[in-house]
Structure formats: structure tokens, C-alpha cells
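Shown next as C-alpha cells: one chain only, the form predicted alone.
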Amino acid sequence: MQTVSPTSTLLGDRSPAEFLDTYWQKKPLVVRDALPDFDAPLSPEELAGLACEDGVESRLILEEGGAHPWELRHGPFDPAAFQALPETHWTLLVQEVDRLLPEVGALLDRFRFLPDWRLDDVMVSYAPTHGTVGPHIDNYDVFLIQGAGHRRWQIGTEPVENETIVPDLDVRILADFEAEAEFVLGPGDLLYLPPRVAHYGVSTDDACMTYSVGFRAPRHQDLVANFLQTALERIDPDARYGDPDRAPVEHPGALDETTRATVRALLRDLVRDDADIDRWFGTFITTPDRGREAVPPETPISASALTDMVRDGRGLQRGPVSRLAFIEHTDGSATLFANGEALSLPPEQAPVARLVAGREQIPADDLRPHLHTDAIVDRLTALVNDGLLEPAAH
């Protein structure tokens, strides 16, 4: 565990390579003043407003003052629900705030030294004094940015292999939490936690807002299950086992080598083609979570209108539900994976992949050099009309 001195950079006085080598998925790190210019883009009242909206995933956790200790309530909430809350010992959490507010989404650009597909969402929490979600562990990496107020953290320093959970609660609280380090974070401070490191944060004032940048960590079971389902869909449903070169068996009860080799070959053929696996992974990892779908604009944009917009200085930004990744190929083409779809880009369109993936904002200055290529403009126009990109906010 190490606390670094004040600095204007996200990772303190270390480079992304040093951070990844020393801390990433290995040990916690506190960075004081990691975002000294961070201006919290929403207030507690605005966060509560988001929690009242349909389609927004939100939770209230009441350690005290609820129907029972550690009561968990799910949104959307009626505004009156907040007026009835106790003065202390509760926490409001709202998921995917980056999808709801571009200003919060811009936070993700700070973490683009990591693969874009690994970034999940920005959860924002508010808690009055003594508000907490209890000591717990997460199965993924998380950066916790203190946006306003102060939070006291107690953490472990090593991943927990086998946790014991307090029984019969709405939330998963560690029964045997023992802190190995303690500190208070203020506005602009950052805490990085690897997967399964126990942590316990408690608000120390009535202004505490924390921005949690979480990372995707697909379970091996989910990866394999999805791949096998995809492979299954490619298999001819009428194809059956066959052995036209069968020789007499020595014993009818034995699973002979010819039979075993035939079955092994069938299964190995499923994973023999690297390109097929890459294509599956690209579609799997860009499929939006929680059943989200991109929403096309009410009025489609034309290629000429998009060109005029960019020439006038207005760029593009990701749509609220947009997962993008790409693979470049040796022949100059590329595959752009967009919300679970694989889009084949010929060489003349391939620059679109690097242009749109891996960032929230695409400035007009980056787009202008490509306006003379009709194929690129057409592809960008299609992405806008599919709801994957949208005109940047003025």
C-alpha cells in the first residue's frame, strides 16, 4: 500500500506502464490530488433526480432507518422517497451515469491507457454522514474518485480468496473484515482497488459523492458458454457422426481410437480458426449490457449535412449506448465491432475504426481530413443514423 504525493496526473508520479506493472490487479494505490481540476458535474439533488427516471438503474442502501438493517431498495424512485429518508446512514447509488451525462462520460478518457472494452461504467454515489454500503469485495478492478465531500476508507491489501458473508441481509457484507490500511479521501483524490480486495468506505460529511469507474471482467463460464452457443449455431443441424472408414473392433465395449479421434477432431475444429474466434470475441465484448440498445435519431442525418456540420467545427461523440472496438487486418481492411455487430471496413473505410473507437469525443479537427473520402463520410453517417455516434454537444 502506498500513498503518493500531490500531483496533477491521474496516476501520481508514475507512468501508465509503471502503474500497470506495479499495481494493476496486484495491490491498492491511493493518489492524492489525482484530479485537482475535477469539477463535480452533478449535485446530490441531480443524482437523486436521475434515480427517479425510468430506465436508470439505481439503489438505496439503508444501514439504519429502513424496514430492517441494511435494507436495499431499487429505483426508479418517487421523489417523495428521498424526503422520508433518515438524516444519516444511507447511500444512493446510480449506475451508468456516463451514459446519462456526457460530462461524466468524459471521465473515461482519463483511463484510456487500458483497453476500451475493459471499461464498464461510471457509478456515482451520494451518502450523508455515516452513509456506507458496508465492508465488501468486488470481482473487478475499480477506481474510486472522490468528487465532493470526504470518505474514510478502510481496506485490505491482499485479495480475499474465500469470504464469509453476513447471512440474511439484502446486501453482501463481509462478516470477518479486518482493515490493514485507513485514510480519508477528499475532492480529487483517487483510490485504485484490484479485484477482491476488501474495502469499507464511510462518508464523513453530508457532501460525500464518489465516482466509481468499474471494469468489465467476464467470467470464464460466460465466455465459454457464449462461444459454444455461437459455434453451435454454425453447425449443420442435420450433420451426424459418421465413420465410413470403420475397421472391425477388438472389443465391442471399448471406445476405440478411431471413434475418439473423430470426436476430438469435431470439437477441435470449433477453435481451430483464430479469425473466427476473434470475430466472435469482438461481437461478444461489444454487446451492450443490461439489454440496452442504441436509439437512432428521430431525424436521420445526410452525408452532406454531416460534412457541413464538421466543417463548421462541430464534432461527434459516442451515443448513450455505444460499445465500439476494432481489429485491423494485414490487407489494410478492418473489422469494426459495434454493439455486437461486426462491420467489415474495406481499406478505404478502415481509418473509421481508429477514428471512432476508444474515446468519447471525436473533435471536428480529427474528422476534417477525412471529409474528402466519400466512403468514410458514408460510414460515419451510418453510425450516426444507427445511434452509435451523435453530434457533439455545443
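Quick caveat, the model's predicted, so the values are computed rather than measured. All residue numbers refer to positions in the sequence shown, first residue = 1.
Here the subject shifts to the form predicted in complex with a small molecule, a form of this protein not shown in this document.
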Practice item. Pick the stretch from 75-83, 118-126, 275-283, 320-328 whose residues have a heavy atom within 4.5 Å of the small molecule in the predicted complex. Key: 118-126
Review point. Would Val133 count as a contact of the small molecule in the predicted complex, using a 4.5 angstroms cut-off between non-hydrogen atoms?
Key: yes
Exercise for review: With heavy atoms only and a cut-off of 4.5 Å, decide whether Thr91 touches the small molecule in the predicted complex.
Suggested key: yes
**Study point:** Distance check, Glu158 to the small molecule in the predicted complex, heavy atom within 4.5 Å
**Key:** no
Exercise for review: State yes or no: in the predicted complex, is some non-hydrogen atom of Leu306 no more than 4.5 angstroms from a non-hydrogen atom of the small molecule?
Suggested key: no
Study note, to complete from the structure: Exactly one of Trp153, Tyr192, Phe215, Phe177 comes within 4.5 Å of the small molecule in the predicted complex through a heavy atom, and that residue is Trp153
Revision key, fill the gap. The listed residue (Asp138, Glu163, Asp170, Asp205) that reaches within 4.5 Å of the small molecule in the predicted complex by any heavy atom is Asp138
